[in-house]
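Only one chain is shown below, in structure tokens, and it's the form predicted alone.
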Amino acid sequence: MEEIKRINEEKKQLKGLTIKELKNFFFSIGEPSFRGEQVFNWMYNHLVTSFDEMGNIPKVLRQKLQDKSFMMTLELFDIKNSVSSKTRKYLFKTLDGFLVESVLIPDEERVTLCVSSQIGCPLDCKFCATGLMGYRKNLSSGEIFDQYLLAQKNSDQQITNIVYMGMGEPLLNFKETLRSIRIFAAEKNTNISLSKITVSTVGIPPKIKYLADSGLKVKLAFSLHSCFEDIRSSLIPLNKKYSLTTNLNFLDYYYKKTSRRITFEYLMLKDINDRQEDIEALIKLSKRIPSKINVIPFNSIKHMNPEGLSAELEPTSLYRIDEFVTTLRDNNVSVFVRNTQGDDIAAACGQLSFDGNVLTPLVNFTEEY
């Protein structure tokens, strides 16, 4: 740990810097600023892992970079492949010894990587394994990008989509989340476009507005799970601070600002949000905000030994989900059912966690949000 601290103090972390920031870095070490564009292209487009791979960078400068900076922020720790689907879960280790997960989800039309923005999460949503493990730290933009880099290098399929739906609440790590999005979508990094990026949030209205005003017209997925304030508050404690009513006003603002339909994520929970009145509320909501409903079967979080409400949650039956979805569609609601993938390796929606992080201390999240 002392060695890592020394490296971080003495050397500049280049992974996670934008083109402008890289140009400024090269100027600061007495080099022409165009080298920043070259290094940007090598890191984010060609996905190199060492300075020696940068063919158009002089050998003397490569050595200078080695002495003054570093690139890689993660190392691949483990890979688990689902037997029941093509889902693959990657376990990475940060330079300061934390563990974090990403999930690769291939289907017929796309190959999606679900990236993490935090290690753990401070929001304590009752249906989410990550929330139950508590909060450790925010990930840097470099650590977010290196999930993509290492997953792509360890997959025989081209990743086409990025979703910020892994560990953590992306809008609680707003600065680094936005920086990583700008890197993915930059002109010199041609693999991922803004239309292929989705940010998921449980609802932090000020940050939703900032995201709308950022000019980054990414898709926004909102963890709805109930249209009723009391039920949503029992599932998502943050709803007591930022009510659904408030969030919906800002989601409406996001749509009007970006022209991107909102995705409402809806986890199906037996006898909690699968009633007739829930259907009626969703129909009403879909008429208010241009959107689609992403229906998600509840995946077990028993591996976290949950207590309280978390231990009582049960999945809605597949028969009832089919009835629920059919009724919505009959009322002209756009609905997509996210089939469970990777639950045999604890990689399905809401299951990401890792017991090894008990070796690292819990931290109180103190940023105002």
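It should be emphasised that the depicted structure is a prediction, and the values quoted were computed from it without experimental measurement. Note that residue numbering begins at 1 and tracks the sequence as displayed.
We do not show the form predicted together with S-adenosyl-L-homocysteine, though everything after this point is about it.
>> The chain here is shown without S-adenosyl-L-homocysteine. Which stretch in 141-149, 70-78, 167-175, 102-110 comes within 4.5 angstroms of it in the predicted bound form, by heavy atom distance?
In response: Contact-bearing stretch, as computed: 167-175.
> Judged by heavy atoms and a 4.5 Å cut-off, are Val39, Met54 and Ile183 together in contact with S-adenosyl-L-homocysteine in the predicted bound form?
Replying inline: Spot residues vs S-adenosyl-L-homocysteine: no contact at all.
> Which one of Lys207, Lys89, Arg136, His225 is close to S-adenosyl-L-homocysteine in the predicted bound form, taking close to mean a heavy atom within 4.5 Å?
Replying inline: The residue from Lys207, Lys89, Arg136, His225 that makes the contact is His225.
>> Considering non-hydrogen atoms and a 4.5 Å limit, which listed residue (Ser200, Thr94, Asn273, Asn247) is close to S-adenosyl-L-homocysteine in the predicted bound form?
In response: When S-adenosyl-L-homocysteine is considered in the predicted bound form, the option within 4.5 Å is Ser200.
>> How about Ile262 - does it come within 4.5 Å of S-adenosyl-L-homocysteine in the predicted bound form, if we only consider non-hydrogen atoms?
In response: Looking in the predicted bound form, residue contacts with S-adenosyl-L-homocysteine do not include Ile262, since no heavy atom lies within 4.5 Å.
>> Although the partner isn't part of this model, could you tell me whether Pro297 comes within 4.5 Å of S-adenosyl-L-homocysteine in the predicted bound form, counting any heavy atom of the residue?
In response: Contact with S-adenosyl-L-homocysteine, yes.
>> Residue-level contact is defined here as any heavy atom of the residue lying within 4.5 Å of S-adenosyl-L-homocysteine in the predicted bound form; does Leu65 satisfy this criterion?
In response: No, Leu65 is distant from the partner.
> Can you check whether Phe127 is within 4.5 Å of S-adenosyl-L-homocysteine in the predicted bound form, heavy atom basis?
Replying inline: Judged by the heavy-atom cut-off of 4.5 Å, Phe127 is in contact with S-adenosyl-L-homocysteine in the predicted bound form.
> Taking S-adenosyl-L-homocysteine in the predicted bound form, which residues of 110-125 have any heavy atom within 4.5 Å of it?
Replying inline: Residues within 4.5 Å: none in this stretch.
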